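First, one chain by itself: the form predicted alone, in C-alpha cells.
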C-alpha cells in the first residue's frame, strides 16, 4: 500500500525528520491561500501514486499567490502518468545546494532490510545503480540488532560525507529506519534528501509503501492514509477482507478460492458480483460485521452465501451467518449453498432461522440467485 507524498511526510515529520512546511490543496483558491500562509516562493506538487512527476509536468513553482493559483488550475484535474490529479502539496521552495538519496527497503534476496545511500540524489536510483554503481552504498540490517547510530554514521561515511553533514544525514537515516520499522513498511525513501545553502538537511520528497498484510495492526496510521473506500477501511480495521465490485449480487463465502469460484459462477449465469468478501479461518465468527459491510452498499439485489465446511465446520459457519441475518433482516432474496462437515446440522439452522431451503449444488445455487436477483424466476 503506497502512501501519497504528503502522507509519508506526515509520518516522517512525526519521527523528527525535517520536512518543508506545506499544506494540501484540492482547488486553486486553497493553493493560493497556502502560498500566502507559507510564504513565497512555493513548489506545487501533484499528489499521485506515480514517479517522474517533474518530467510529466506535475511539479511547478510559483513566486506569488496568483502564480500558485494558476499552477494549481493547470495541474488539478489533469492526467499524470495515468492518474488524475485530485490534490496538490504546496510547500516552501527549498534553496538547494546539493541532493542526496536515502532509503530503507526490504531486500527479499537477502531476507532482511537494507539501508541505501547515495550522494547522487534527485534522479532515479535505478539509473545511479546502472551508470555509477560505486556511488550506491547498500548496508544490510540485522533486525535483531536494529539500525543503530553507528550503523547510520558508517553508511554516511562510506557515502563520502564528513563533518556536520555526516552527523545530520546519519540522524535522518536512523529516524527513517524507525519509521520503516514502526509502520511495517516495505520501503521508506527520501529522494532527494536536500542539503540547503544554509546547511540544513531536509526531506524534499517522500515515498513510503506499507505491507498490506500488516494493516490490521497499524492502529496509529492516519485514517486518511488508508487506501480505499470507507467500507474497505472499516473491513480492514476489523481484520476482514472486503473488496467492492461494480455488480449487485452480494457474496459471502469462506475461503479465497471458493469466493473466486462463486464470483465466476455468478458471472457465468449472467450475474454481476458486488463484492469479494472472504470469511475464512476464524473470521466466520465475524459474519455479522462482514454482512453488515457487504449489504450496506446501494443497489444490492440478492445475497448468495456459499459455504464449504472443511477446517471450519459447516454448522459453525452457518450458525454465524444465520444469526447475523436474523439480526440484520435484509429485505432481499437470499440463497445459501452449504456442503461439508456437519452439513446436515447447518441445513437445519438455515431452514429454522431463515425459512429457506439450502442448496447442495453450487452451480444450481448460483443460477437461482441470479434468477431471483433479476426477476427471472
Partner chain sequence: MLAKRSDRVLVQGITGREGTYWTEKMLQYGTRIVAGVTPGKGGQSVHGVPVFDTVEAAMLRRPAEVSVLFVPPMYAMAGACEATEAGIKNVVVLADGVPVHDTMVMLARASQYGARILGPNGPGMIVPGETMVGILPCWLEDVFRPGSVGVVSRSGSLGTAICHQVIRAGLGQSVVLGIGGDPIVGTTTREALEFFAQDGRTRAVVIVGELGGTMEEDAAPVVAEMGKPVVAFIAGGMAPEGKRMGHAGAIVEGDRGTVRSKTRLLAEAGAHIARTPNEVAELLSKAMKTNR
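Numbering follows the first chain given and starts at 1. Everything numeric here is computed off the predicted structure, so don't read it as measured data. Take the two forms, find the largest set of C-alpha atoms that superpose within 1.5 Å, and that set is the rigid core.
The same protein has a further form, the form predicted in complex with its partner chain, not shown here; the description that follows concerns it.
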Stretch in contact in the predicted bound form with its partner chain, which is absent here, among 196 to 204, 255 to 263, 87 to 95, 291 to 299 (heavy atoms within 4.5 Å): 255 to 263
Touches its partner chain in the predicted bound form: residue 310 (any heavy atom, 4.5 Å): yes
Contact label in the predicted bound form: residue 180 to its partner chain, heavy atom within 4.5 Å: yes
Proximity of residue 286 to its partner chain in the predicted bound form, heavy atoms at 4.5 Å: no
Contact of residue 132 with its partner chain in the predicted bound form (heavy atom, 4.5 Å): no
Every residue of 14, 248 and 319 near its partner chain in the predicted bound form, heavy atom within 4.5 Å: no
Heavy atom contacts to its partner chain in the predicted bound form at 4.5 Å, residues of 90 to 106 in sequence order: 101, 105, 106
CA of residue 366, rigid core aligned, shift of 2 Å or more between this form and the one not shown: yes
Core-superposed C-alpha of residue 340 shifting 2 Å or more between this form and the one not shown: yes
C-alpha of residue 273 moved at least 2 Å between this form and the one not shown on rigid core: yes
Comparison of CA distance in the predicted bound form with shown form for residue 247, residue 216, at least 3 Å: farther
